[in-house]
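Take a look at this one chain, the form predicted on its own, written out in structure tokens.
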Amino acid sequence: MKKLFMVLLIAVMATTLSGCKNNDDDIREIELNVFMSFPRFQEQFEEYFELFSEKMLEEENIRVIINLEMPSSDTAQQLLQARLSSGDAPDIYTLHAIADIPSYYEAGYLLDLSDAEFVDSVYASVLESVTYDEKVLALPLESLAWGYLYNKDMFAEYGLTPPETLSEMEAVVATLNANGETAFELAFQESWIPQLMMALSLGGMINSEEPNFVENMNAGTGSYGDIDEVFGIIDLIMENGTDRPFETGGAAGSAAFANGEAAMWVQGPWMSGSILEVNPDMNIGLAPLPITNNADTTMINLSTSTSLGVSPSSENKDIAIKLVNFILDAEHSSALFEELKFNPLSSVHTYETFPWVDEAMSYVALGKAYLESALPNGVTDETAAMLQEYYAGTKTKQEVIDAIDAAWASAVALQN
């Protein structure tokens, strides 16, 4: 009897091991190369992608290995464009919805995602921002309403409210200076940060006083000199900011702002997570940046910025699309977007919005907002570099204007 039992046990074990071996043999293993300009969120996306890999292995017997590349924001676009043009495209990559989708699609770098599962859940106004040539070409990640960040507790301490004009901002700065406070956080080590001043200023001007600015620039009859009033707020910020800005990047700027070293920071809500990591109790405010003494130019920027596209040259398009769909997974997406401090943009999102989002949207409700416009390729990068030099004193205002005008003209010439 004992001998029979041992024979049966060995047979069962052999069958079990044989079954395991067959299951392992049936597993399909693929790799996805994912390129994202979110180094501050690397840990969050690594964990989220691990959930996707587990789901694929469990449900479809596919082992997905995700190679995640996250270069700095300053170098990401240049590296990505080099990869795309050399035929070494990542399977999935981040790009700017407004600025990049048209040119990337025309160059053949974006797969049509119109039939992807996520499309039906994205809010119509957000979906429009990733639609070109009647095709949905990317999954939106960041839907933003932004201006500048301010320390609400510090403002309350000195009886301040967000100013609506340049003169009112000058008065706010004077009050802060009189009380020994620094008005603005300056973090210019990464060039994309100082250019936010021009982005907000330009948006406010062309959506109020200078509605023909983009048309004139494209026709070669316009100039940044036509809106040189924007240097008023830029000068005010630069003259009343924290020390050693070229030694301060986004992470250090977030820490300094969180610790009360400045009352305001021309920076978007995408930095709120970094700020709250340092000071979880910080009372963050968000308001439109005053540009001139015309309050109509003081407006909130509405945009969809960073989005996810899929390369048409991907050898694993089916899995790449599944991963993109998983970003808006009904079970897991809300937790991801809430942790990243991103705005809800899909019907699957059920988390509460943040106080600074509500504050920004209060301006939108008053009509003090505009939809972000795309600038020609290279203009934003040139603006970023020129504003660094302007602060350093190596370029005059006129030289900055001339350089950005030239970058715009070159971009238009390449398009024609």
Partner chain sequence: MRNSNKVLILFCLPAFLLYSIFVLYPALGGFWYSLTNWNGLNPTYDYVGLSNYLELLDDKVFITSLLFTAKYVLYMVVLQNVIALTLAIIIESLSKGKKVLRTIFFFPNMISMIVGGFIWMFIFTKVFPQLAEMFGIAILNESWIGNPEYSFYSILILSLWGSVGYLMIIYIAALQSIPGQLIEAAKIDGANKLQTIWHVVRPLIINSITIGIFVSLSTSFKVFDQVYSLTGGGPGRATQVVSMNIYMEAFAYQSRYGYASAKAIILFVTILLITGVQLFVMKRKEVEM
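Residue numbers count along the first chain shown, from 1. Note that the structure is predicted; figures quoted are calculated from it, not measured.
Just so you know, the form predicted together with the partner chain exists too; it's not on screen, but the next bit is about it.
Contact check for S114: every heavy atom lies farther than 4.5 Å from the partner chain in the predicted complex.
Remark: M386 counts among the residues lining the partner chain in the predicted complex, judged by a heavy atom distance of 4.5 Å or less. Remark: T396 does not count among the residues lining the partner chain in the predicted complex, judged by a heavy atom distance of 4.5 Å or less. Under a 4.5 angstroms non-hydrogen atom cutoff, the partner chain in the predicted complex has A407 among its neighbouring residues.
Note on contacts: among Q189, S274, T182, N325, the single residue with a heavy atom within 4.5 Å of the partner chain in the predicted complex is Q189. Here is the short version: of A330, A219, A107, A178, the single residue with a heavy atom within 4.5 Å of the partner chain in the predicted complex is A107. The putative spot formed by Y123, N279 and L371 is not touched by the partner chain in the predicted complex; no residue has a non-hydrogen atom within 4.5 angstroms of it. Residues within 4.5 angstroms of the partner chain in the predicted complex, judged by any non-hydrogen atom, belong to 77-85 and to none of the other stretches in 232-240, 77-85, 303-311, 336-344. Shown here without the partner chain, the chain has N377, G378, D381, E382 in 366-382 lying with a heavy atom within 4.5 Å of that partner in the predicted complex.
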